[in-house]
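One chain comes next, on its own, written as structure tokens: the form predicted alone.
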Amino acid sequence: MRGDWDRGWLRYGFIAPALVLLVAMNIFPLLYSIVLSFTNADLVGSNSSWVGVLNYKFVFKFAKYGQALRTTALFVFLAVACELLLGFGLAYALRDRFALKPLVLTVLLVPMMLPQAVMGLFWKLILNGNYGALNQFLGLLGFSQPQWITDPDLKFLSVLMVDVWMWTPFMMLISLAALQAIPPHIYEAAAIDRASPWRTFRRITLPMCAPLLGLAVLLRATDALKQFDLIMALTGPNDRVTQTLSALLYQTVFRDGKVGLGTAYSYVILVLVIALASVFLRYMGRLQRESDS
């Protein structure tokens, strides 16, 4: 009995440092930020008072928040849809073996591996209306040279284009894994039954890829909801056309100094992310139950 008791305490002794670190680095800041969201705390100064749900009421009444919410929703929908279609198309084209497939995959995956902030600054130089490489190339071809990051009609498109360029490889990688996980004998049976390519694609390929594609959409959508790096690098956090929820949160806390209000903003964003994740998880669970039955 004494040995079992000692082993139990030894086990807790090994776990305790990790638990203490988890509480110190994650749980305590989370609980403290919840408290801050119900106060009028400022970035500068230590005085704050309890305001209840006033911050949350202000979030939904603030016109800029509504605009940022619409911008974020449109960005998430267009970015994820384009990346899914392009990524799945590339994966479908690369599903078979060929000599240069490893090299092609490596080149296509490079944008996904680079930091977003660095790529944002890199693309800001490329898209510059006066000396950018893209406009120089368009000028050589005789086309007009748009102001990609200063024209209000093109700012949002420019950010979207860069995000699609960076994250289409992610969709392609997961789509390729889903396609290669389909057993070859299923396609052989379809060929014996003389199923057309379109029928095979619609009845076999898409349904069997759906769970992994749903996971890819979930991961990209939750990440796109928090888009900040590209906005900050390309157009700045205060641009009305491209200001997302995360950019508005940055402005609220670090420019206006309203920590309490900014914390309330962050929890509204957190609820949106959790709600989106819950919808996709329920959908993926239904797909899994259908495939099991």
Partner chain sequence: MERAVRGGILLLCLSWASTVWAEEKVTIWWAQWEPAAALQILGNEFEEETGIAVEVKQIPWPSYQDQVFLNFGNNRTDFDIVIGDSQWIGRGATKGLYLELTDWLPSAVDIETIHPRAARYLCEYPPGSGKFFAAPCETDAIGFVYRKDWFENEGERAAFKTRYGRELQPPDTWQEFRDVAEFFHRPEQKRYGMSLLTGRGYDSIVMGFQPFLWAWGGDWGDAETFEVQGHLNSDGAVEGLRFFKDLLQFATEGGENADYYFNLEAFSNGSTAMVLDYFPFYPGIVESMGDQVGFFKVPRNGDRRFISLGGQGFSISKKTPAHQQELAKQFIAWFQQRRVQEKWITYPGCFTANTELLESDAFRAASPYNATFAESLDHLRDFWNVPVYNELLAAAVQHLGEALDGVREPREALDALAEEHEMILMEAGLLEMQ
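From a predicted model like this one, the values you see are computed outputs, not experimental measurements. Numbering follows the first chain given and starts at 1.
Keep in mind that the form predicted in complex with its partner chain is not shown, yet the notes after this line are about it.
- Across the proposed site, 92, 97 and 174 without exception lack any heavy atom within 4.5 Å of its partner chain in the predicted complex.
- Between 163 to 171, 150 to 158, 104 to 112, 75 to 83, the stretch whose residues reach within 4.5 angstroms of its partner chain in the predicted complex through a non-hydrogen atom is 150 to 158.
- Using a 4.5 angstroms threshold between heavy atoms, residue 32 stays clear of its partner chain in the predicted complex.
- Residue contact check for residue 263: none of its heavy atoms lie within 4.5 Å of its partner chain in the predicted complex.
- Mapping the unseen interface onto this chain, residue 254 counts among the residues with a heavy atom inside 4.5 Å of its partner chain in the predicted complex.
- None of the heavy atoms of residue 267 is located within 4.5 Å of its partner chain in the predicted complex.
- Residues of 57 to 81 that come within 4.5 Å of its partner chain in the predicted complex, judged by any heavy atom, are 58, 61, 62, 64 in sequence order.
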